[in-house]
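What follows is one chain in structure tokens, specifically the form predicted alone.
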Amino acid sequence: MFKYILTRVLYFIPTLLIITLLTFLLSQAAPGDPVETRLQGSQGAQGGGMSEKQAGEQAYIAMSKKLGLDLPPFYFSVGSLAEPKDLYKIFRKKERENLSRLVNTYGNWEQIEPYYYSIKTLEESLFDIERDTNTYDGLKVLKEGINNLLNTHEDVAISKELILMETAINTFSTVRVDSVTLIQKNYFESAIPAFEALQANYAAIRANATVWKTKIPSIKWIGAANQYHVWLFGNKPWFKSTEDPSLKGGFIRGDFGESYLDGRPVASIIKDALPITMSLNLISVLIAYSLSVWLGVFLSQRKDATVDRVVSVVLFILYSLPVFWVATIFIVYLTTNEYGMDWFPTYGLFSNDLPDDASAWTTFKDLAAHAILPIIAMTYGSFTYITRQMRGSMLAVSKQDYIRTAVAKGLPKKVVVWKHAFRNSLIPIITMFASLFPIAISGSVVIEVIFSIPGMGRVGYEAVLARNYPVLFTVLIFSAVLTMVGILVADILYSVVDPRISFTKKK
């Protein structure tokens, strides 16, 4: 058995690596820009002066480096011959994705790169133009055009924007020099060279297209300096302590990154939430299994009797009640005086007015009062299901030949039921038990949200709503790890319940 457990634990390593890889790929494909999310969108708006724009770009770059997004995604890149190796150096995600689409359309990065930087140059030249009633409309058209060019790769759309921008930038206004002299003045004259360079660079893209490069596959080796490696293993020295905040420990060393919402370490969020969820679920599982296993055996010995029919009907009714509905009923009728009785607290795990120096007994009573309704809501469904499964399993085992032999030998009914039938009936129940570990997180979402319990379920739910991917993916990996642990525990329990089950090869 020890050899089997060691082998399974060793299997966990490649399995976990595959899970982390899939999780990382999901994070790469997730919508939105994590940097802008972390900055709460304050740096993504157009407008303001040159100093504000530069400050916004610097803040964006600094946050990209802090989140580890200034590196290529993986150890290697798979794409076409046209795709550059260093496209990741374009920090803004939308701009990087648009440049990738341009490369896949025309295949000539040598011309696309100058085109991109000519857009940036034109954008900077607009800051030198005085903003007044004479330039307001033109600047609006030019800024919208620049934004659209950075986010489109289609020839029709780009050509349309360039025409609109050319019309705006070549608009002349009549200016009176003195009482007699009138001249035509172009307020955008300083931006004309940059715009002409932009037009020339785009013409070069179309004229020198090498579409054939997009048809040839290419693999480019990056190395260990990539986002996945840093996210998983970190870039801190393994045997040296360092306080450099720019270095990361990596997921396997407990550094799960920072929340996009408030910058709080994800490890701290999980540390606060996980014990709450696991404690509530542990109590729920102990109650459900201790009662349902006994009740299932009891009902199997009274098949089709009145008590069996009545209890079965009650169990089916309980099983049909949605958890969110039961939890809501509890809150409405058992926690308020308006519709029912104010017997229990409405939300949370502790009362707001609980003093900091409260005794252990007072704290325990307050916690118990808050936890009773959530635990009941978490327990009744699994209690019903396990009872029915245990009853059915006992009935199936009771028809086996060895049970009839034990009865024919004159063994007491108690011995036949609990020594021979009961142990073999536990196999399906143990199989169900393996799924309880991941369900401890996913199954508590509804309860924790309704009762405002700060556990893993609520943390994951709020992370989904806020697109807080570091928290969300950490919860995902924790669920995967718990699934593997649950399967291993179930396998061990199989051999404990039935010694005939062996996981080692027999010679």
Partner chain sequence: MSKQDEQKEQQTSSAPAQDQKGQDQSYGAIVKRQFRKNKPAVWSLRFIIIIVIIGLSADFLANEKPLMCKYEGKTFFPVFREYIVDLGGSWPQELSSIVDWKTANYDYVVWAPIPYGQSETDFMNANYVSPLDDQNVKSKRWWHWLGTDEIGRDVMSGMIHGTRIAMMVGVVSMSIASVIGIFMGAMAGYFGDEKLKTSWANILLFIISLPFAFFYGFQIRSYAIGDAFANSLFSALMQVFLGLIIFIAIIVLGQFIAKLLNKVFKLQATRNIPIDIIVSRAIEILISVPRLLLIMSIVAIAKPSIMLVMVIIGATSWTGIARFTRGELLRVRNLEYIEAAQSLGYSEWRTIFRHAIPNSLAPVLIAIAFGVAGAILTESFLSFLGIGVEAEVATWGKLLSLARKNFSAWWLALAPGFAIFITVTIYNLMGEGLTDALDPRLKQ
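Everything quoted here is computed from the prediction, not taken from an experiment. Positions refer to the first chain, counted from 1.
Omitted here: the form predicted together with the partner chain. The next part is about that form.
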item: Interface residue in the model of the complex among Ser190, Asn104, Gln199, Asn148, criterion: non-hydrogen atom within 4.5 angstroms of the partner chain; value: Asn104
item: Answer option from Ile219, Ala408, Val156, Val310, heavy atom within 4.5 Å of the partner chain in the model of the complex; value: Ile219
item: Which of 341-349, 363-371, 277-285, 160-168 sits within 4.5 Å of the partner chain in the model of the complex, heavy atom basis; value: 341-349
item: Within 4.5 Å of the partner chain in the model of the complex, all of Lys65, Asp357 and Asn468 (non-hydrogen atom); value: no
item: The partner chain contact in the model of the complex: Val35, any heavy atom under 4.5 Å; value: no
item: Distance check, Met484 to the partner chain in the model of the complex, heavy atom within 4.5 Å; value: yes
item: Touches the partner chain in the model of the complex: Glu83 (any heavy atom, 4.5 Å); value: yes
item: Exercise: Met432 in contact with the partner chain in the model of the complex, heavy atom 4.5 Å; value: no
item: Residues in 381-420 with any heavy atom within 4.5 Å of the partner chain in the model of the complex; value: Arg388
